[in-house]
Ligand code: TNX
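A lone chain, given as structure tokens: the form predicted alone.
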Amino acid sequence: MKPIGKIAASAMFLIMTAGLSCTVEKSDLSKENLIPRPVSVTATGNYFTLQKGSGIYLQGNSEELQHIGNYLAARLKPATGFELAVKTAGSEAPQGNIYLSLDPKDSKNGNEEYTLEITKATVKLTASSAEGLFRGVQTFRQLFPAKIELATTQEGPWKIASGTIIDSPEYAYRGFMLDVARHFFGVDDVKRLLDELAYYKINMFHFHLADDQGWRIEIKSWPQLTLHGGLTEVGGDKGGFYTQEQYSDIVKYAAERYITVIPEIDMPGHTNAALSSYPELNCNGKAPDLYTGIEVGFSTLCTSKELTYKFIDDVVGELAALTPGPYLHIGGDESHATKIEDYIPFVKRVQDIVLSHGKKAIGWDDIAISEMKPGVYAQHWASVKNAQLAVKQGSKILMSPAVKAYVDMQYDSTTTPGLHWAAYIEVDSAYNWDPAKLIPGVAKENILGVEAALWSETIKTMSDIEYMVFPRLPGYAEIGWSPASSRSWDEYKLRLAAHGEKFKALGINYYHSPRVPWAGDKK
């Protein structure tokens, strides 16, 4: 037998080592492109593989636990083709399975804290509440390849990196506002948006339901609000409204994703649709025409009439009964047609009405010029002085600075749709701010949370919504969830780049920002 030559021996070594490297796979959980960035990630260098025979095991049989198990199974089935049975288990799940556990004692940082432990054998997700468990499910989804979100069966394998994630949010309130008054969006569009918000752990949905251009929520004691006031929208197109049953359906759908709905009825300004529907709410008793433009500041309820406060009490009462969440938004912004000596007592009295119906009130920062009562919060959008005034009165601030967090603002001068009266807001600008350092005298302990807002003057379709919201929304979600000390644009943009494939898989229309090195772009 002839000896093997040096070249042949080298080739044999390469073949053997190549084969060995294929059998010993390594992973690094800490390098996964998760948004928001978790508080703590420890990698163990292996994989868990979801397979056809895998199931979802629950510790206990509570209705909420069953709901989350079914939700996860439904999200994973289309792409994998796997029928992931949801079963009740004991203290742990058999190998090859997912285990969901509720432990009320397992919380140091609020009810959204969760722990995700991934080994080669099992995945264990533990939280002190169902809400925390649901947030952890979104992290688990993001660990899979983007194709897990496709609606048709894909080829596996379905592997995720092993290790432990311990996570909880920086702010308890992480919101998004949708204006359906300027342009109306149907129930299906709202539900689609709620699914997209849930994916990034947004937990508050601020629903701007009434403005000059349209009244969008049925109030049974004042039916003309929708029958007349809901007829049109910006540009004169047909408007629309939600019946109370449809609104309740949206609230339920949001609650199933652990998102709280906060309805807004803007007043005393931004009320032309109400005044056109009921002229007796006007000081002159005359009905103005329905309005289809985009100017602001010209309308006001008649603050001197007792009927106005009966109207508000009726509206707030019906909305409060339909809304299980703790908040109701009273607007209060840009009421230029209301004399300041009338505005101040009006806001004070409306606060009392909201509080009397068992809700906490939120108003735009304009309301800080009035007396703010306990349980009332100011949403900062424009005035630094008003935000500081609210804090001096003991109020917490909801941070929605227009120059950073209004997603109807264009990315740049070439963007359509959108406006730019506050600023052009590119993706890096949307991300690069710290709520606790934005306003002198407004520190983290003074902040209720963070909210991005989409006004709909130029937003007509769901595609428009998504284009303006994405890819900025993940950044707002991270500002609300992750500690400011852990955030860096240069690092974040790489994780965001990987989410472009997730946007595509989810069917999201997004702005392809040149400031993000999207996967697949030429160097």
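Bear in mind the structure is a predicted one, so any value in this text is a computation, not a measurement. Residue numbers here begin at 1 and follow the sequence given.
Separately, the form predicted together with this ligand exists; it is not shown, and the next lines address it.
Colleague: Let me know the one among 117, 249, 313, 334 whose heavy atoms come within 4.5 Å of this ligand in the predicted complex, would you?
Modeller: Here the answer is residue option 334.
Colleague: This ligand isn't shown here, but in the predicted complex which of 404, 182, 174, 359 has a heavy atom within 4.5 Å of it?
Modeller: Only one listed residue qualifies here, and that residue is 182.
Colleague: Please pick out the stretch from 347-355, 188-196, 417-425, 71-79 that is in contact with this ligand in the predicted complex, where contact means heavy atoms within 4.5 Å.
Modeller: Looking at the other structure, the answer is 417-425.
Colleague: Would you say all of 64, 102 and 256 touch this ligand in the predicted complex, counting a heavy atom within 4.5 Å as a touch?
Modeller: No: no residue has a heavy atom within 4.5 Å of the partner.
Colleague: Can you work out whether residue 89 and this ligand are in contact in the predicted complex, taking contact to mean some heavy atom pair no more than 4.5 Å apart?
Modeller: Residue 89: no, not in contact with this ligand in the predicted complex.
Colleague: Flag residue 149 as yes or no: does it have a non-hydrogen atom within 4.5 angstroms of any non-hydrogen atom of this ligand in the predicted complex?
Modeller: Because no heavy atom of residue 149 falls inside 4.5 Å of this ligand in the predicted complex, the answer is no.
Colleague: Give a yes/no on whether residue 492 approaches this ligand to within 4.5 Å in the predicted complex, heavy atoms considered.
Modeller: Result no; residue 492 lies far from this ligand in the predicted complex.
Colleague: Is there a non-hydrogen atom of residue 170 within 4.5 angstroms of a non-hydrogen atom of this ligand in the predicted complex?
Modeller: Close contact is absent here: in the predicted complex, residue 170 is far from this ligand, nothing within 4.5 Å, heavy atoms only.
Colleague: Would you mind checking 394-412 for residues with a heavy atom within 4.5 Å of this ligand in the predicted complex?
Modeller: Going through 394-412 in order - heavy atoms within 4.5 Å of this ligand in the predicted complex - the hits are 406, 408, 409.
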